[in-house]
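This document opens with one chain alone, in structure tokens, the form predicted on its own.
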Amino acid sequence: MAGYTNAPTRTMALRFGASVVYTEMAGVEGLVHEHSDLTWQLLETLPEERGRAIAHLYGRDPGHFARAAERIAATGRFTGIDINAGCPVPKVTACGAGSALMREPALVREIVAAASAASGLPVSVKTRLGFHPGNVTAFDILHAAEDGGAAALSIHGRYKSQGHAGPVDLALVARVRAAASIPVFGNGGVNDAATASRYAAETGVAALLVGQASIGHPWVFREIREGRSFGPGDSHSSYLALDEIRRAWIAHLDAELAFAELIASKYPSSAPKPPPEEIAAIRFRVHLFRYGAGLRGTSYMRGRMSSLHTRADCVRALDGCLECERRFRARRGPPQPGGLAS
């Protein structure tokens, strides 16, 4: 999720029904250094996130966690702190953080206690089932989190060896939840209303975390709340009314522009050198294909990707994409009974 879940993306998630949002992972070592602007930029928020944003941190030094947590609390912008003890990315595990912490429950307890005492904010832990089938660490991390004073545990129902693919072991998640004295949140494989319903029913978790399925499709939060899934043959945005897609695209683009202007004004010495409008357009490129998944105009945008430097450039590209989809829908005719297109 690195590079995707910045403030504009989180803002869109909240608008479409997410209860709270997590920042990108920020390293506590960077947050406590004197020259740490680039790391702190990961924790910048937009106004709509106030009171509903959780700072997502990684590292392994309790002292660093304490100092970072104290500074985070002082911003007044976060409702909690989440400690990552499950990320399988080598860049993170190589420094003993992320899923590497699953081998060190005593250290997890110490980190939770340090962050909680220093910040006064609710502290949660995100972890996985274990390293691989047959090597389950989730119960040890659960008890360590509880002993350290954690407010909740989020469990990704896969093993480190699986990365972000493969089956989710809902039965084992349910066992972890049953053993807990704190709320347990479920994560992994929640892609739509159907998978969310199954996850909740079979595990009894207190809440669900949605990650990859929300990128380019913020409507997924609304679908889950309303119990709606795609119609037959539909994919991502292909069932939505085109004016709703356009409104969401424009709103996300404008949030990117507002965020780029915020970074430029708050971090003038380390902000990217192009003007904020160009930075916003460049960063929005990565979302265009995600929003356009299932639409017939994605090839139109692909051919223009390198020429998107302003808000107007982006609007023209997405309007061209939607025009291709509009012609396709006119040829296709009304949606089939049972579908969600309109």
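Each residue number is its position in the shown sequence, starting from 1. Keep in mind the model is a prediction, meaning the values are calculated, not measured.
In what follows, reference is made to the form predicted in complex with a small molecule, a form of this protein that is not presented.
- The contact residue chosen from N187, S99, Q162, S119 relative to the small molecule in the predicted bound form is N187, the criterion being a non-hydrogen atom within 4.5 angstroms.
- Among the residues T79, N135, Q212, T93, the one placing a heavy atom within 4.5 Å of the small molecule in the predicted bound form is Q212.
- With the partner omitted here, the stretch from 137-145, 261-269, 109-117, 150-158 that lies within 4.5 Å of the small molecule by heavy atoms in the predicted bound form is 150-158.
- In the predicted bound form, no heavy atom of R60 sits within 4.5 Å of the small molecule.
- Among residues of the shown chain, M25 is one whose heavy atoms approach the small molecule to within 4.5 Å in the predicted bound form.
- Residue contact check for H287: none of its heavy atoms lie within 4.5 Å of the small molecule in the predicted bound form.
- Although the partner is absent here, H56 sits close enough that one of its heavy atoms falls within 4.5 Å of the small molecule in the predicted bound form.
- The candidate spot formed by V21, H217 and W219 is out of contact with the small molecule in the predicted bound form: none of the three has a heavy atom within 4.5 Å.
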